[in-house]
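We begin with a single chain expressed as C-alpha cells, specifically the form predicted on its own.
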C-alpha cells in the first residue's frame, strides 16, 4: 500500500529535473524542502487545485515547479530577493515547462508582502523564519475563504519545542522565539483551522474559515 501511494504522487515527467535540483541544492547549501514536507505539499496542491498560489521564498524554484506540475491550472506568484537564485529559478521553471505560469517578485519579502494586494487560494510560506509572525496578518488578508496557508520549517530542528531550555546566547534562540510567537498567534486565531504536523522540519497547515 505504501508503494502504491508513492507511485500515485510521484511526478513522472520531470523526476530527473527534481533529482538534479535537489543535488544542486545539497552541493551548494541551498535550503529546499525535506522529502516528507515535499510529499505533503504535493498532496495538498493536488487536493486544493488552487488557481493562484503565493510563495514566500523562491530559492531555485524547486517547490514552485513542484506545485505547478501538480496543478496544471495553477499560476504561481513567488518572492525572492537573491539575484542568483532568481536566475537559477528561472532556468528551472523553464526546464520544467512551467515558466509561462510564474510571476517572480524581485525584492525583500519584508517589503513586498506589506504592499501586496489580491487574493490567493494557496499560500506556501517558506521564507525568512523570523518574519513569519510579521507576515501573518498580511497573508491572512490575501488568503481566500477556504484557502490554505502552509508554513514550512515551523519547528526549526526541534529548537521551537526546546525553546524553554535555550539561553539567549544560543544561535537558534532568536529564530525559535519568533517561530514560537508565530505558532501561538496562528493557533489562537479563530479565523483559521490550524494543525501543526511533525513532518519534515515541522509544517503548519491552516484553512481560512
Ligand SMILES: C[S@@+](CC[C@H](N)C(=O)[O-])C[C@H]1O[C@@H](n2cnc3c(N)ncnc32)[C@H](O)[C@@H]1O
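On a predicted model such as this, the values are computed, not experimentally measured, just so you know. Residue numbers count along the first chain shown, from 1.
There is another form of the same protein, the form predicted in complex with the named molecule; it is not shown, and what comes next is about it.
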- Item | Non-hydrogen atom within 4.5 angstroms of the named molecule in the model of the complex for each of 149, 189 and 192 | no
- Given that the partner is absent here, state which listed stretch (179 to 187, 45 to 53, 24 to 32, 138 to 146) has heavy atoms within 4.5 Å of the named molecule in the model of the complex. 24 to 32
- Query: Should residue 110 be counted as a contact of the named molecule in the model of the complex, where contact means heavy atoms within 4.5 Å?
  - Reply: yes
- Task: May I ask you to state whether residue 123 is within 4.5 Å of the named molecule in the model of the complex, using heavy atom distances?
- Result: no
- Is there any non-hydrogen atom of residue 128 lying within 4.5 Å of the named molecule in the model of the complex? yes
- Contact label in the model of the complex: residue 102 to the named molecule, heavy atom within 4.5 Å: no
- Are there residues in 43 to 59 with a heavy atom within 4.5 Å of the named molecule in the model of the complex, and which are they, in order? 55, 57, 58, 59
